[in-house]
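This document starts with one chain, in the form predicted alone, laid out as structure tokens.
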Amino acid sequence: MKKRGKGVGIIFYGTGYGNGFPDISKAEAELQDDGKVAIYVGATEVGQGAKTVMTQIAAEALGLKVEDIIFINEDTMVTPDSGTAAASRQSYNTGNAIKKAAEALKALIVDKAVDKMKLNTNIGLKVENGNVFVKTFPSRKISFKEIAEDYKENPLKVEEEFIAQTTEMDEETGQGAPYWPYTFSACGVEIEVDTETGIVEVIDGVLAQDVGKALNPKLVEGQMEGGFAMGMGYGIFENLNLKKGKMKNNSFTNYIIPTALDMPDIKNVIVEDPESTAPYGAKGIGEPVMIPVAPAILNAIHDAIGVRITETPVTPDKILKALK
């Protein structure tokens, strides 16, 4: 017999290292000979779209097109430390560092433009598409490339850092502000439990994620769908089967992960409430999109068969044992 149930999981999540641990990201911005700008940053791309979003942040801050940004990362010989690709921190932390570096370089370029155009102030100047010009007299302009010609031997370059707000929890009272910012997500699922085999199938799902501001909505949706798959794997598939400290399921032959055939059609709900301290309002969502999925599935299993499972993954043998 197959029984259906519905469940919801709701979470909040503090991004970054937290609890007073130094959470620092650094970034450098450098004007190139051709007028493009190189961003040097130690942020690692692990499939979350960091290179794309951080390039967008730099382009926005500098008034350039994305293709005019040269993004250099994952090379410790030339890049400053940006911390780890962990704790859902890169978009917020390193994004802020990149924004600060890009804005500082822009200010430096504007100052050099004032000298080169023989202006008496930087008031009323605008930076757009690789040009600095007088807003009330647009034909009075100079390009980034023209400015760079004077600095071929010693290119204009700045470094900035961003430190996230975090305080250590009081050990006696448990009070404090260990994280900033927080993000929120909710997941709802409908599942079907086969009471004869113990197999659980997720047949429908919805995931709502607070993102601050979606700088790249398609990447956000990709994160949400990937997070749903990981949460589902954690909830009902993936089992290391540790026995006396050894992994019995140590290959993909017996360590089962969800495939595209296991995934339901997910409705993604992007909730935007821009974070004032974030780069253009964007928060990190790498881990939060995964966390509410397994609780939602376990609640749905309880709704379907009336038995509360408290251990993951909920494999068929556990379902059958619980039913007995």
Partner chain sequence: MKIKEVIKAKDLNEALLSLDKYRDKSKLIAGGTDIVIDLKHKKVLPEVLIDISDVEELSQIKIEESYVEIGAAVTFTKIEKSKKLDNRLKGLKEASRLVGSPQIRNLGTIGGNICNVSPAADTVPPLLALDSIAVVMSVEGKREVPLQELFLDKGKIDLKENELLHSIKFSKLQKNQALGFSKLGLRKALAISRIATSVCIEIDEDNRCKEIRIGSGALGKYGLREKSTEDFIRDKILDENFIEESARFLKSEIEKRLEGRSSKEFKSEAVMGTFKKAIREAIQLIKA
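Numbering follows the first chain given and starts at 1. Everything quoted here is computed from the prediction, not taken from an experiment.
Beyond the structure shown, there is the form predicted together with the partner chain, which is absent from this document and is the topic of what follows.
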message: At 4.5 Å between heavy atoms, is Thr197 in contact with the partner chain in the predicted bound form?
response: yes
query: Hey, in the predicted bound form, is Ser276 touching the partner chain, heavy atoms inside 4.5 Å?
result: no
field: Interface membership of Val46, the partner chain in the predicted bound form, 4.5 Å heavy atom rule
entry: no
query: Could you tell me if Glu201 has a non-hydrogen atom within 4.5 Å of the partner chain in the predicted bound form?
result: yes
query: Which among 48 to 56, 255 to 263, 280 to 288, 32 to 40 is in contact with the partner chain in the predicted bound form, heavy atoms within 4.5 angstroms?
result: 255 to 263
statement: The listed residue (Phe184, Tyr179, Phe237, Phe71) that reaches within 4.5 Å of the partner chain in the predicted bound form by any heavy atom is Phe237
Heavy atom contacts to the partner chain in the predicted bound form at 4.5 Å, residues of 304 to 324 in sequence order: Pro316, Asp317, Leu320, Lys321, Lys324
